[in-house]
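There is one chain below, alone, in structure tokens, taken in the form predicted on its own.
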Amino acid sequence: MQDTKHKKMKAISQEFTAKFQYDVFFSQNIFQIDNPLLRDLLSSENTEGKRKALFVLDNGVHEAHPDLQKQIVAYCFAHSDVIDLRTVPILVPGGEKSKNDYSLVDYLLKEIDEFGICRHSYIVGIGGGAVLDMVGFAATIAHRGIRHIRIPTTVLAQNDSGVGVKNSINFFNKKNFLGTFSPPQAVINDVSFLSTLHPRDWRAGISEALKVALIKDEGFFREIQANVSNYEQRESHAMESLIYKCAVLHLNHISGGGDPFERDSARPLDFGHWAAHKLEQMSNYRLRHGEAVAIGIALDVTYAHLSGLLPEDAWKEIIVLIEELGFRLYVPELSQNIDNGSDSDSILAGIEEFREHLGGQLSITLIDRIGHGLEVHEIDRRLMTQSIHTLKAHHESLMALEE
């Protein structure tokens, strides 16, 4: 009698490759009627008829450019043979407020439904990285994906978050807990938006350039060193060069790193971010993302130095540059509850949250020299605590000198 209890299961093996391609454009004054860039993007596909478009605008950008809504409407009217503007640009709060409030996603989904935005339509997000994350998330989950165009308006969004393939919102009080991988149709970096940035937002984006320079390109690190005074004086050419080179390094990693949708645990572009994400949450988002990343970088290079990976002269060089760029190395949240014997109420909880976010093995990027990153899979909590105390002591000595 044949034993059928352990019959071999049949399986159909499925494999396919999906090709993604998008361009990052560098322009200015893109809503001037005689600038054809956006019009050409919307008319680039071989589809008959007009393309429905829904614009979502960061309220902070609106306040800095109060005529922008009218300019967008006028631009779409002038190119109405291509663009079917469904309603005036929708205003949403800027900054992390846009990612902390799921009702904004719900609101955008209702607008998408009401105005008949379909898979062949376009959603155009205009704003900082947080707004673009939220808008991209809503665009991706509506109809299983609507084409979205990003128009980043901050240094950080133009050189980092706005040019990648990730969309997300914060949930359960955790950074980027809900999200998707969905490449934009295109990214337009309009340098004219940078002129009205608050000094903190102008500076904050430099930390992401420093991050990618430290793990990938010593020459870029030296360029940042050489241009500190130019950034401080808001010299546009220096900042445009920084944004362009940082964007190139990020895009090269996404396309050439072999893991564009981050299915593996290694996340080199998250250097300094395990602590940064936790600091943002602990400070109730008082800290800008770039400011938190600068502290996270300082912490991880200090840990790398104390653990014997990073030579002292390189560590000092990096710490000095972070300070020269105008960033703080320490905030009270960094050492909050650090000595109470429990990770749960301290920055160290960010290590486990980061591992959970990775979805597997802990993998944190450190550096052993400027321009070269490497992955470690364990963190010595005693040594990390010592690193925090080192930054605190350094901060206190600086404060004493200023008194």
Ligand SMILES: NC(=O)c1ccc[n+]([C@@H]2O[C@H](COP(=O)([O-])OP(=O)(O)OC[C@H]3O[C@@H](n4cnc5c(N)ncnc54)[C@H](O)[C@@H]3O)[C@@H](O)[C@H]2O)c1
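From 1 onward, residues are counted along the sequence shown. Note that the coordinates shown come from a computational prediction; the quantities given were computed from them, not determined experimentally.
Only in words, not in the display: the form predicted together with the named molecule, which the text now covers.
When contacts are defined as a non-hydrogen atom within 4.5 Å, all of 161, 196 and 208 contact the named molecule in the predicted complex. The candidate stretches are 313-321, 236-244, 196-204, 113-121, and the one lying within 4.5 Å of the named molecule in the predicted complex by heavy atoms is 196-204.
The partner is absent here, but in the predicted complex a heavy atom of 130, alone among 130, 212, 298, 279, sits within 4.5 Å of the named molecule. Between the named molecule and the residues 355, 51, 65, 369, the one pair within 4.5 Å by heavy atoms in the predicted complex involves 65. Contact between residue 61 and the named molecule in the predicted complex is found at the 4.5 Å heavy atom cutoff. Taking non-hydrogen atoms only, residue 94 approaches the named molecule to within 4.5 angstroms in the predicted complex.
The shortest heavy atom separation between residue 176 and the named molecule in the predicted complex is within 4.5 Å. The shortest heavy atom separation between residue 148 and the named molecule in the predicted complex exceeds 4.5 Å. For the partner-free chain shown, 153, 154, 156, 157, 160, 161, 166 of 136-174 come within 4.5 angstroms of the named molecule in the predicted complex, judged by any non-hydrogen atom.
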